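The same protein chain appears twice below, in two forms, each given on its own as structure tokens and labelled structure 1 and structure 2.
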Structure 1
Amino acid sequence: MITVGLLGCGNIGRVIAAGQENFKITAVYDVVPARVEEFAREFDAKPFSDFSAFLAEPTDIIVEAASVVAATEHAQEVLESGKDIVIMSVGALADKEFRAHLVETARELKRKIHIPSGAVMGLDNIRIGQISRVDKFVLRTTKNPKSLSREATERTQLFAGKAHDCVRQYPKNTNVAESLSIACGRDVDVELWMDPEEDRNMHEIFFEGEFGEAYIRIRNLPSPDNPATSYLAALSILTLLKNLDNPLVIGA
């Protein structure tokens, strides 16, 4: 049984905990003490209010489902402690120097940094961008203003530019821009829209290159406890955890 240390007892953490089968969350940590205690009681895990003590607890892997700040603060020490990590707040990796250092540490210590597919589909074959010509790659994300904690009466463009700038400005909503950039091997173009007529979290991917062309549209239902996070993102990390001990690896 794989043992998991969970960093972040929020919406995604709850979906993961509810789906435990061949893995067990044994240790939990969050900045909100009451949340850790309640979560630990409900899912029979050991609560921690001190990150070093949480990390020292024997677990096979740390799952970050908290925030870009949390991933930035803790990913390096997780690897240095000899544990693999799953990073949900992928926006943290938009800092190229930070990412390079993290990858180098993982390589040296023979550890893995897992990035879940999150709120999009297609990350598997989008990796062909690392080995073949790319003519165009655009991510167009459209969310209801409420999901972005804003108000709008009509469709409004919030951002157009490169992924790393978008992630910096909207860290809670555009992790997928960074996942797609890592997969494709370049800083992809991003448009962020809010639309009061759209009740889903929609991601459209326009990809053209040596292989031909692809258009992928994902219209995600929001998560039960956090409308900014698509339910698909929670299902994705749960699937990743359930497959950690599966010898059959599917996808590019």
Structure 2
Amino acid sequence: MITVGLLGCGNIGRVIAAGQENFKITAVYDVVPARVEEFAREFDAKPFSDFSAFLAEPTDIIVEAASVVAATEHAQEVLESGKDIVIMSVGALADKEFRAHLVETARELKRKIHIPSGAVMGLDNIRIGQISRVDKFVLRTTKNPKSLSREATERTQLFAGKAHDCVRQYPKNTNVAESLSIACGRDVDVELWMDPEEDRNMHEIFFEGEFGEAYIRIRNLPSPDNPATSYLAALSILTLLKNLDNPLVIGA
């Protein structure tokens, strides 16, 4: 049984906890004491409001399901404690210097940094961009204006450019772009649209190169208890955890 330390007791954490089978969440940490206490009671885990004490608890892996700020603040410390980490808030790795330092630490300490597929599909074969010519690599994201805290009466483009620039201008819409860029080994070209007729978060991936061409469209349903979170993103972490000890490895 894999033991998990969960960093973040929000909606994604609850999806993971509800799906425990071959793993057990034994320790939980959150900056909100009342939230971590309630979560710990509900899912029979040990609550922590002190991060050092949380890390000292014996667990096999730490899952970050909190925020870019939390991932940036704690990922290095997790690796240095001798534990692998799952990073949900991949936008933290948009800082290339931070990412390089984190990867080097993991290499030196023989630890792993796991990046789940999140709100998209196809990251496994997007990785051929690391070894093969890529001619076109575009992410087109379309959201309802309300999810972007804006108003619009017609489909409107908000951004067109490289992923690293989109990260700076729209920091809350970085995880998918950053995951794709890391997988491919090059910045994805990003288009961000708002459309009052679209009731879901839609991601379209256009990928062409010497292998051929691919088009992937994902229209995400929100998590049941939090409209701001993609249910697919939460499920992707759950799937990753369920397969950590599986000797049959698919697409990795």
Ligand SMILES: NC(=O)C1=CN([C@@H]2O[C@H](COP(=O)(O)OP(=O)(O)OC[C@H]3O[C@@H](n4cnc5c(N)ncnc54)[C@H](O)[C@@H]3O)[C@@H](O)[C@H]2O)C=CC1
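Here, rigid core means the biggest group of C-alpha atoms that superpose within 1.5 Å across both forms. It should be emphasised that the depicted structure is a prediction, and the values quoted were computed from it without experimental measurement. Counting starts at 1 and follows the sequence of structure 1.
Taken from the structure described as the form predicted in complex with the named molecule is structure 1, whereas structure 2 is drawn from elsewhere.
Superposition of the core reveals a Cα shift of 2 Å or more for L148 between structures 1 and 2.
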